[in-house]
Structure formats: structure tokens, C-alpha cells
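This document starts with one chain, in the form predicted alone, laid out as C-alpha cells.
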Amino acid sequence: MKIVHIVGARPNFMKVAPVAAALAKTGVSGQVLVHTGQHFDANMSAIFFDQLGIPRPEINLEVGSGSHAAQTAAIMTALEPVLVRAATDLVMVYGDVNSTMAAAVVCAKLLIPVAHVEAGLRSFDRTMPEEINRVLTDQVSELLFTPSADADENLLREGVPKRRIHRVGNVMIDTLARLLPSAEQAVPPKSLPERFALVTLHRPSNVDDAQVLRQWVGALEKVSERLPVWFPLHPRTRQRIGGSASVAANGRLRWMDPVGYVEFLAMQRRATVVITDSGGIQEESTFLGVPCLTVRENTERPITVTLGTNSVVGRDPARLLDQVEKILAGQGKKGSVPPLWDGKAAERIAVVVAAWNSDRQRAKTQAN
């Protein structure tokens, strides 16, 4: 069986690593890693291959940035001949980036089965490009691997046949659990403050509008009056902040270059609070038991709110500051780890893929 994995952005790398390893253990030797080049920065991409133990991609489409339409079209155009030449049996896509949706649509046209890892998540906000990517990918996927019960329910409500849905848990947690011991050594505790807030912001709704970004920076400066703020800057955010002379950090709001996954994990585990607009970090903080404040109006990962440590504060700086005060007063959410977030999701995926392939081969034999 020949499997092609499509990755395009940092979260994809963390998800493909355990899946590829688990498939290899079941005897799948024909695996090809294709990097679309949707996001490529030395600190945001290349370093993750080293830290996660993933071989360099056999193919890099190098599509780069652009509008959603231009980037998606470039990925589809470059990917189609690759999949045709590869005589692919199954394409595995991850998460909700443009690369995921573009690959799924190309496969649907070529009649190549698609497996979607992290299927079924919904924010119910169609203004988010990621939501469109999630919905379209799930509609054309043959195998849908979900992280939680709410994802199953979303898919069933949208008419996806139950036989295609497989709840396996969260593969992101597989990587986190494996690398947590390394994180303890990567950033010694003495190199971080005893208490601090860790911040990531990258979504267009938070960083593309200069006025909105200034508003968030102002709120973070107020947070820093209560505890230091460490802010690794996503390249998109760095570009926006660098272009605005009125945005500047005070002595307790520390801008940082992007850090590797292991280093970020070490920081996240020791943080007093995480402030983010990232879906993956909502999940990681829940597993680590660290209070998380999500600066969005919604989340496609509601289980991090109902069971985990996440609170959605919207785009209201006043609510953010209020929640920070509660956390400092010891009133932050404690939460619990959701079911099947046990570091074995990739193993369950490999079992399903093996059974699917056996059924497929049996059907071919009977047809002949």
C-alpha cells in the first residue's frame, strides 16, 4: 500500500509524525511525505522535522504565500501530477489548513481515497477559512479520524456515513506525550520566570488590522503589569508589528522569535496562563493542565472548554484581563484530560487503515 501524507504548516508536522511511525510499525513501507510549502520558515517549519524525527519531505511543492484562492489553486495545480505519478492508494491529510482542503479536492477528482486526521471539528463560523476547509475536506474523505465525541456528532449531522467515522483520539497529544521529557531538558526551569503568561497570536482577525493588533498589545501590556508576558511572534504577527511604529513592548512584555516545538512545549508547561488564538494550543494546554484563554469568539475544540482548561474570552480585552486576575487569584479552570487523549491515537489510526486496506484488497480479489 502506498500512502502519501500531505503537510503544509506547523500543526500538520506534529500530527503526521506519530501517524507515519505507527503505520510503519504495521508494515506500511510505501509512505511519501509531501510538503506543499504553504508555510515555510526555518524556525516555523524546518526545525520541526528535526525535533519530531520526521525525514525531510521527498517532495516540496514550494507554493509559498498568497491569497486563499491563489494559494489553494497553486497547491492543487502542483499536487495533481505528483499524485498521478505516485500511483497512490491513500492520501492522508491533517487539520484544516489550505493544503488539507486542496489535497482532498484533488484526490476526489482523481478518485484517490482520502483519510482526514482531525476530522469533524466545527466552530460553526463560516467566516473562518479553516471552517470551510474542514467542512469540504470531511465531505470528500473516505476515512474520518475524529478526536472527540462532538466531532462524531457533527459529521453524522452533516450526512457522513457512520462507517467512515472512527474516533481515535488526538494525535497531537501523541507527539506532546512523547516529547514532554525532552522539553524538560530543552529549557531549564531557571531560564524562565516563576510565573509568566505565554502568548501566541496569528489569526488574521487578531493581527491583520493594525487597530485590533494595537488593542491586543495594549491589553498584553496591562497583563504584564501583573506578571511577565513572553510572546513568540509568528512570522505573520512579526510582520504586522514591525510595520507599526506605535506598537512597542515594555520591559515586561517580551517579544521573541519563533521557537521550536520542544522549546515551546517547555514554556507552555511552566506557564501560569496561556493566551492564544491557536486551536492546537488549546488542546495542548488542556493536556498539560495549564489555564488557557482563547481570544476568539468561538472554538472548534469545545471539549477543551467543557472538559479542559480553556476559556473563550472573545475579542474583548476587558474579559481577558478579568480572567487573568481570576487565574492569579487561584480561580483558574482545573479541567481534565478528554477520553482517548492518551498518546495512542496514531496506533488506533494504523489499525483502522490496515483493516480498510484488507477489505479493499479482498473486494478487488472478489471482483476479479
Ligand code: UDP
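Residue numbers here begin at 1 and follow the sequence given. As the structure is a prediction and not an experimental result, all values here were calculated from the model.
Another form, the form predicted in complex with the ligand, is not on view; read the next lines as being about it.
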query: Residue (of R226, R164, H202, R178) lying close to the ligand in the predicted complex, criterion heavy atoms within 4.5 Å; finding: H202
query: Contact stretch among 139-147, 273-281, 84-92, 184-192 - heavy atom within 4.5 Å of the ligand in the predicted complex; finding: 273-281
query: Non-hydrogen atom within 4.5 Å of the ligand in the predicted complex for each of R10, P258 and F264; finding: yes
query: Proximity of Q268 to the ligand in the predicted complex, heavy atoms at 4.5 Å; finding: yes
query: Contact label in the predicted complex: M172 to the ligand, heavy atom within 4.5 Å; finding: yes
query: Partner contact for P113 in the predicted complex: the ligand, 4.5 angstroms, heavy atom; finding: no
query: Heavy atom of M14 within 4.5 Å of the ligand in the predicted complex; finding: yes
